[in-house]
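As a starting point, one isolated chain is supplied in structure tokens, in the form predicted on its own.
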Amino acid sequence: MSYIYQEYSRYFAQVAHPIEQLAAEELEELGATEVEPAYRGVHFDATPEVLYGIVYQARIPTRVLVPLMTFDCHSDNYLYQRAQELDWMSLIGVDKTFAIFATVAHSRIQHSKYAALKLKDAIVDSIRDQVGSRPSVERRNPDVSLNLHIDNNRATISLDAAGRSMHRRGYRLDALEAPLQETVAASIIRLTEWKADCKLLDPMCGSGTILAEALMVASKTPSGYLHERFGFDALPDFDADLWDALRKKIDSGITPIDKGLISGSDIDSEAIRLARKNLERLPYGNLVTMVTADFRDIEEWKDGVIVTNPPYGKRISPWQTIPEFYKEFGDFLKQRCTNTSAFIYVGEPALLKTVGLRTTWKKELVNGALEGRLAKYELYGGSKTSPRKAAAPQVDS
């Protein structure tokens, strides 16, 4: 049988709101055509080669969906019947595990978990009727990941081309409490317009997510580098030779970075230990400088870019409140970081008012359930030389 994507070569990248346009620009850079941003996603056309490349390299999307079928869906029974029309033996079979992620809106079927259950029943019953046994469900690391979306009683069943949420890069095996999502960190780096053309510092790096995403940009390491298996290999027309050649070509472009180009610090020695461990999983992660240090102990940082996600909560310590901490960090930027562009991401937008500096711009950026903000500050002192043109000095490790 044929599937929708085979007829139209059109796909959908899921993206957090409101950075759909940011993702659209990235997809175009990776070869997508007829790119059309939508709410929480981007529609695009792609050849198989471009699709494989997007799944392997894109940093902003959370999922890339390959539509298999779409139909009007006014009842759970009709969902079950139409879903059984798909050739689940060729897509999954009995030896692979699968998972279903469902969303519903403005439809007679009102509960996403129930919709997923009905689709699961259709799949296992269809396969069991053919061969007498059924595949297993595995939510964490399934062989095949499926998406069911029902909106205004219109259902679309898609295969997840990555086979997982694309924020799971694979380098972050250990993290501190409430870490920044990898796709959010990648969005932050893209919004800074940093192109590895000047030094970058995260003075409150935590377990190193911002540093890792900056490293991957600077070294041209694809976002899926640490993964061996992808969801698109379950497609009936998957071209293994094309994928193997493409991956080798992309990986051949990974390049070393200069020592001192990217550096991070944190007052918590455990955070630095975790950051080192995570970064060591990436190519040239050993060239990222990391030290256990309080930002207050940095005497000077100039001619570069600062990107950080400071802690937030009621108190930073028994003797200092969060607003006091942010004010002190603002003073550090103003007094010690000349000719620098600083980018601060906060999970609570009101905290930006306590920094005490005028923002160049502020952009909404969601991290999980937090409607955060990314703020840019231009810090000058003496001549206003662009930090983009400044050389990256050597930094002791």
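Note that residue numbering follows the sequence shown and begins at 1. Here the structure is a predicted model, which means the values were calculated and not measured.
Here the subject shifts to the form predicted in complex with a small molecule, a form of this protein not shown in this document.
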Where does the small molecule sit in the predicted complex: which of 246-254, 265-273, 159-167, 95-103, heavy atoms within 4.5 Å? 265-273
With the small molecule left out of view, which of 180, 215, 127, 79 would have a heavy atom within 4.5 Å of it in the predicted complex? 180
Could you check which residue among 203, 222, 285, 231 gets a heavy atom within 4.5 Å of the small molecule in the predicted complex? 203
Using the partner position in the predicted complex, report whether residue 187 sits within 4.5 Å of the small molecule, counting heavy atoms only. no
Using a 4.5 angstroms cut-off on non-hydrogen atoms, would residue 280 count as touching the small molecule in the predicted complex? no
Under a 4.5 Å heavy atom criterion, is residue 111 part of the interface with the small molecule in the predicted complex? no
State yes or no: in the predicted complex, is some non-hydrogen atom of residue 294 no more than 4.5 angstroms from a non-hydrogen atom of the small molecule? yes
